[in-house]
Structures are given as C-alpha cells and as structure tokens.
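As structure tokens, one chain now follows by itself in the form predicted alone.
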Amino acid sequence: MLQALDWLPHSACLWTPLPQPGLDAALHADEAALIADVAPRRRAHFAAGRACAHAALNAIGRDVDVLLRSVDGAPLWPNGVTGSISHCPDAAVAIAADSAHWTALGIDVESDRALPDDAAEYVLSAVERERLAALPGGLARWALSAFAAKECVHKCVHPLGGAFLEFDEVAIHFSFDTAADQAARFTVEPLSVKARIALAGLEWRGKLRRQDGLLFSLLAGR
C-alpha cells in the first residue's frame, strides 16, 4: 500500500512499508530486466522503489511506461523531471517534481535505529559527533539523521555535475521547534572546495521526519 508524504511544495512523494509482495509483477519488462540476476530481496526493494516513483510521476502528470537507470545506477527520470528514490529493509520511498520548481532532489529512508559507533566515526568527524551529542537525545538519536542527510546531499549534487562528495566534505546542522519534535530541518555546510562548488548557486532546503519507525530525510535545491 502506497502512502503519501506531503512535505515539499510542487512535488509528489510516496512511500510503502516492506515487505510488499507482488510489486515485482507490475514492473515493465525493461525494468525487470535490470534486476533479472539479483536476489529476491533486492528485487522486492527495487520493485517497491519503482512503484513509488511511478506513483509520484503520475501524481505530477509525468508518468512514463518504464523508468530505467544510468550506468551508475541512478534512475533516468523523464526530461523536465527531478526525482529521487530510496529504500531500506523496512520501506521504500520516491519523490518527483517538475524541474521548473526543483532543480535537485535527494531523498533517503532508514529504519530508525541508532547508528553503530564505528559507522558514526566513519561518517562524522569528532567535531560533528560532539555537536550532535549535545542535542536532545544525543548522538544515538542524531548520528543516523546526519548520515541520512549526507546521503541526500550525494543524491542531489551527483546528478547536477557528477561530483562525488565524501562524508567529511560536508557537515549537517539540525534545527527543530521542540525537543520532542518528530520533524526537523537541516542545513548543509560545505567543508571542501569541491563541496562549495557542488552546492553553489542553489537555495537548499533540508527536512527530516520520523514516523512509523522510519527516518525520512529530504534535501531539495532550486
């Protein structure tokens, strides 16, 4: 069952919990060919992501019969459309918008659990970990959020100019209304010349939402 996330103007965002049996049967033959040799679990995740993407495209009046992918694995959206797909063991999500409204979109979904310490050390600098530890809920609550936000950064900037940013090339800063708030906003601080170039020229909007045991993150630029 696909569900809507209404959190960005002039866009459509759909998600579905996993597992969701039977979605692979709805794949176009050319889409199914992309995952002919993968394990059933990965096939199910791909099918759920494509189902969300087609629903989002349909909602903005731009659906196509088949949504293929580039050599680096990114979805090949129709001309004039910006979009992003993500999945984790528990859910899949996709967002699409007319590129006249949004130049870049990056979405991520994660199972809302604490990021292991070794992963947090890899993704976050000591300064970032110290800053996040001071937020309500501490590092256990915010390390995964920062990781997810950085995943969104990559999904935004790579299609724009081919840049691949390492985790240590950007820092994430969160803000929220109350300590119990399930929604937060984030900004991206470029820490390298490459990151400053990749992020330059657009107005960026970062959002974070926790619901149903999931962590959704979105970065949008225009």
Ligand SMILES: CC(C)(COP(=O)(O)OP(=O)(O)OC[C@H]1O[C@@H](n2cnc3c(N)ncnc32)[C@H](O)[C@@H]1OP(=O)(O)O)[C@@H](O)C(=O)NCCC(=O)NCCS
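Numbering starts at 1 and runs along the sequence shown. Keep in mind that this is a model prediction, so the values were computed, not measured.
There is another form of this protein, the form predicted together with the ligand, and it is not shown here; the text below is about that form.
Undergrad: Should Ala100 be counted as a contact of the ligand in the model of the complex, where contact means heavy atoms within 4.5 Å?
TA: Although the ligand is absent here, Ala100 would stay clear of it in the model of the complex, with no heavy atoms inside 4.5 Å.
Undergrad: Any chance Asp118 has a heavy atom within 4.5 Å of the ligand in the model of the complex?
TA: Result no; Asp118 lies far from the ligand in the model of the complex.
Undergrad: Report yes if any heavy atom of Ser86 sits within 4.5 Å of a heavy atom of the ligand in the model of the complex; otherwise report no.
TA: Judged by the heavy-atom cut-off of 4.5 Å, Ser86 is in contact with the ligand in the model of the complex.
Undergrad: Using the partner position in the model of the complex, report whether Phe46 sits within 4.5 Å of the ligand, counting heavy atoms only.
TA: Output for Phe46 is yes: heavy atoms within 4.5 Å of the ligand.
Undergrad: Would you say all of Leu18, Pro40 and Arg141 touch the ligand in the model of the complex, counting a heavy atom within 4.5 Å as a touch?
TA: No, because Leu18, Pro40 and Arg141 lack any heavy atom that approaches the ligand to within 4.5 Å in the model of the complex.
Undergrad: Output the sequence-ordered list of residues from 68-89 with at least one heavy atom within 4.5 Å of the ligand in the model of the complex.
TA: Stretch hits, in order: Arg69, Asp72, Gly73, Ala74, Pro75, Ile85, Ser86, His87.
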